[in-house]
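In structure tokens, the next block holds one chain alone, the form predicted alone.
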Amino acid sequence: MTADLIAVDWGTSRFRAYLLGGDKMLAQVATDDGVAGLEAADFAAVLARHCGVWRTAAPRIPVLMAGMIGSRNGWREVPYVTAPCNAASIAAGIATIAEGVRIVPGVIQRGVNGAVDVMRGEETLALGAGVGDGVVCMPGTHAKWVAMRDGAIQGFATFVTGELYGLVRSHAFVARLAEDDEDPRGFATGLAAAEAPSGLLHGLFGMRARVLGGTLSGRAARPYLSGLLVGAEVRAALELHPGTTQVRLVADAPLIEPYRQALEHRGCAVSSVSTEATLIAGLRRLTT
């Protein structure tokens, strides 16, 4: 099988590269050489270190990169494409930064009253998720919900669920209340609490009150927090997309199951695809 593309997912904390030939993955590499830990002069050397052998064997093979590598902290800042956008308009914004090396642009959404949302890397996942008309959810530090129409990105919304979970878990009262031998049943309790009309901020303090009042164990505290935050995200996202009955998750374990539970709790059918397969499919769409 002849290699014809090096697909790269270069994010804040991780570097992943895939040597592709047709519909086959011929080789891959994953390291901790994320954008956040590198200086401007490092990027070319990191790419050469991890993909140089592939490029030497196939000197004309193109390299297509997605993710934070195209941010202002990356190799070169690539201007956003404005949503709504499709594969053709995103491909038109791809920037060449070195011979045979290109970066996919991110996408920006401008709403009313000055509202702005952005993404880098998730646009490629949205294109590769295999959804013509529907909603794609990409859980993570900054979770993305993307509305697809005719295979194009119609609009999207970002939720800082993962980042907030980490902050509250490590730096708020949860750190003092929680016990390490976790009781996963707390997740369902948190999901139910996310439905309360009093909102997320009241629900967060309610976790402390439940433990102090004896209705929630310390073992269930962190799962409760996860359920509350994921439940609040799913509730808000579905309010943005009324009538949604099916959602495609682009995720890997352990994020699939919490979101599946939260979505099914709201009456949605769920299908899932791996991040790796979706990234490769999305980059392929941008090269055809």
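Heads up: residue numbers just count along the shown sequence, starting at 1. Quantities reported herein were computed from a predicted structural model and do not represent experimental measurements.
What comes next is about the form predicted together with another copy of the chain, which is not displayed.
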is_contact(R208, another copy of the chain) in the model of the complex, heavy atom dist at most 4.5 Å
yes
> Heavy atom to heavy atom, is G213 within 4.5 Å of another copy of the chain in the model of the complex?
Replying inline: yes
inquiry  = Taking another copy of the chain as it sits in the model of the complex, is L240 in contact with it (heavy atom to heavy atom, 4.5 Å or less)?
reply    = yes
Quick one: does A157 come within 4.5 Å of another copy of the chain in the model of the complex, counting heavy atoms only?
-> yes
Answer among 105-113, 146-154, 92-100, 130-138 for heavy atoms within 4.5 Å of another copy of the chain in the model of the complex: the stretch 105-113
The one option of L47, V35, V250, L229 with any heavy atom within 4.5 Å of another copy of the chain in the model of the complex is L229
Taking another copy of the chain in the model of the complex and a 4.5 Å non-hydrogen atom cutoff, the residues of 62-80 making contact are M68, R72, Y80
